[in-house]
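Before any questions on binding or motion, here is one chain by itself as structure tokens, the form predicted on its own.
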Amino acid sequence: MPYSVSPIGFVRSCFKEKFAIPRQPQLAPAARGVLELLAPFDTGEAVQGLEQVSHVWLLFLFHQALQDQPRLKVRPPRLGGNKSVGVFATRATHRPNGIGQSVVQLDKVEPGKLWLSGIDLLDGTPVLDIKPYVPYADSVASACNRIADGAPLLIEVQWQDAALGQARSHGLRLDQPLVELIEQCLAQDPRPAYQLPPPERRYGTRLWDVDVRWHYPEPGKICVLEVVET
């Protein structure tokens, strides 16, 4: 029997493109956004009590990865992007019903709005439900995952002087920790692991209302080239 669900709200996120979004929540604490709730959930009644909660689970749709034909196997970036495993052994975006989940920090609660950080959600993401994080039940000390047994190794992020000045200026304008956001996202190396880009190749993504451009001057290092308003 088919079922239908409707969003309870949409995320307004610092991430305007999929590329360079952290592959898990909490890896970039400077990543911020606002969950704007829809009626009838946009009143204080629906969020009453959440001010006592530090983190929440968000159930959402991978709205730019929905597919008619489900994939049985996927190639997760964690395994280099070339090794296939069963879809249910991963958190890949290509899922049977397009549903994702993230635990994020709840910074502020207002009627109709939740202010979030540590997010890994694209701007415009439809949210299906909110559940409070319960530490004694949601944290399992004995848990293991041999596919992803630790946080990804970070690589060095360098700056050209002009780019760092641009990032600081835009961060002040936006009232956001833009330098930290860029460093936290790029240190996780957003490119596919199987790519070995030459130094002249340029990469880029959009955070808030700025374009960030970088390259790989040598293996294992990133250099931010410019941060310009779009």
Ligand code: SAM
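Keep in mind the model is a prediction, meaning the values are calculated, not measured. Each residue number is its position in the shown sequence, starting from 1.
Below, we refer to the form predicted together with the ligand, which is not included among the displayed structures.
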Is it the case that residue 23, even though its partner is missing from this view, gets within 4.5 Å of the ligand in the model of the complex, heavy atoms only? yes
Is it the case that residue 93, even though its partner is missing from this view, gets within 4.5 Å of the ligand in the model of the complex, heavy atoms only? yes
In the model of the complex, does residue 65 have a heavy atom within 4.5 Å of the ligand? yes
Answer with yes or no whether residue 121 is in contact with the ligand in the model of the complex, where contact means some heavy atom within 4.5 Å. yes
Spot the stretch among 135 to 143, 150 to 158, 101 to 109, 67 to 75 with residues whose non-hydrogen atoms come within 4.5 Å of the ligand in the model of the complex. 101 to 109
Select from the listed residues 164, 61, 46, 50 the one whose heavy atoms reach within 4.5 Å of the ligand in the model of the complex. 61
Go through 144 to 164 residue by residue and record those having a heavy atom within 4.5 Å of the ligand in the model of the complex; state none if no residue qualifies. none
